[in-house]
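Below sits a lone chain in structure tokens, taken as the form predicted alone.
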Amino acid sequence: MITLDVMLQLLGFGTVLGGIYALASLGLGLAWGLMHVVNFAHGEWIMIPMYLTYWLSIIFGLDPYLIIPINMALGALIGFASQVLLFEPASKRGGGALMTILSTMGLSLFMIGVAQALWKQTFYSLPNPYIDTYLAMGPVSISEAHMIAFAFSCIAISAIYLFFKKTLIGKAILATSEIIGDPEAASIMGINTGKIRVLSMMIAGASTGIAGTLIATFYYIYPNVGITWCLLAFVIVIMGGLGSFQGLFIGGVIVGILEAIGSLILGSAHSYILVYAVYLLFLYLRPKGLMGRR
């Protein structure tokens, strides 16, 4: 029998986990919702900062949270290189969305191959004192590692949201979006759409750098870890709806709560079954997502 305390624990932990999931999905949401780039390498963009967090912490003894600025720069660099060297040339050669999808899948396989060559299939776990310390709020008990990651996730999502809504550059990016704005009209108004696309992908990359750092504090690190996070990101972005920050966060929380409930009912090894079942239901009942524009 599920008691009230158990339900509160599920809702509390699921919400915290969902906030982290929302940040982990933000880079995909920005690339897809703003740039129309369906990035299948999104999980590997998270995986690389996870490895860097681990090695910098182990070799230099750095607190993992101090590595966030470094991984933001690394993520922005990955986004810049991917856009300039891969996505933009693929788009100019024609082929539309299919060419971009194939390019990102190739990038994903390449990054996984490099990780396997460097670190084999070894599972790494970052020593983190926060993971064994719990914060109790009534019947709800959550590890400090998850709570810190949740707090950073909320701050990062809010900061990026305010950047897009309150700054001229952010508004210019939204104006060039195929989902929210009109690229042709933006170009006529004098906005350099090429530079805007590069900047958008750099912001998407920086968000994955933050996410990778935070995830490394409580999750195993191995070459194929990106597959899990990429799949979850697709589920959250589609459930929340393209072009909506609020939808992204709500979608993340829904997935987090579903995973927590799935762990109780089906066991942690099969917790994602409930997540993907509800996702399929969403595709049938509301294919544009909770707050999608198209």
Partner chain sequence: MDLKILKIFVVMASIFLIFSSVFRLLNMYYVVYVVTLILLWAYLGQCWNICYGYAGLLSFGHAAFLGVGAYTSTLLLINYNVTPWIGMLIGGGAAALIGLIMGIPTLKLRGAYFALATIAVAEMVRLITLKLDFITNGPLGLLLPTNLSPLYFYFEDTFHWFIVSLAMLIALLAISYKLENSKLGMALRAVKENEAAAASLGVSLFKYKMIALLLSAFFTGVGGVFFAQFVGYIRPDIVLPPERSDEILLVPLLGGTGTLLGPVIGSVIFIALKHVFLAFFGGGMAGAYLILYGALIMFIVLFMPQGIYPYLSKILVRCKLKA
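Numbering follows the first chain given and starts at 1. Given the structure is predicted, the values throughout are model-derived calculations rather than measurements.
Beyond the structure shown, there is the form predicted together with the partner chain, which is absent from this document and is the topic of what follows.
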_in the predicted bound form, does Leu86 come within 4.5 Å of the partner chain, counting heavy atoms only?_
yes
*Quick one: is Leu266 in contact with the partner chain in the predicted bound form, heavy atoms, 4.5 Å cut-off?*
yes
*asked:* Would you classify Met105 as touching the partner chain in the predicted bound form, given a 4.5 Å non-hydrogen atom cut-off?
replied: yes
_Using a 4.5 angstroms cut-off on non-hydrogen atoms, would Phe110 count as touching the partner chain in the predicted bound form?_
yes
_Residues Leu4, Leu126 and Ala159 are flagged as a possible site; in the predicted bound form, is every one of them within 4.5 Å of the partner chain by some non-hydrogen atom?_
no
*Among Leu62, Ile70, Val38, Ile261, which has any heavy atom within 4.5 Å of the partner chain in the predicted bound form?*
Val38
_Considering non-hydrogen atoms and a 4.5 Å limit, which listed residue (Leu199, Ala90, Leu74, Ala172) is close to the partner chain in the predicted bound form?_
Ala90
*Tell me, please, which stretch of 62 to 70, 232 to 240, 44 to 52, 247 to 255 lies within 4.5 angstroms of the partner chain in the predicted bound form when heavy atoms are compared?*
232 to 240
*Can you name the residues of 260 to 288 that have a heavy atom within 4.5 Å of the partner chain in the predicted bound form?*
Leu266, Ala269, His270, Tyr272, Ile273, Tyr276, Ala277, Tyr279, Leu280, Leu283, Tyr284, Pro287
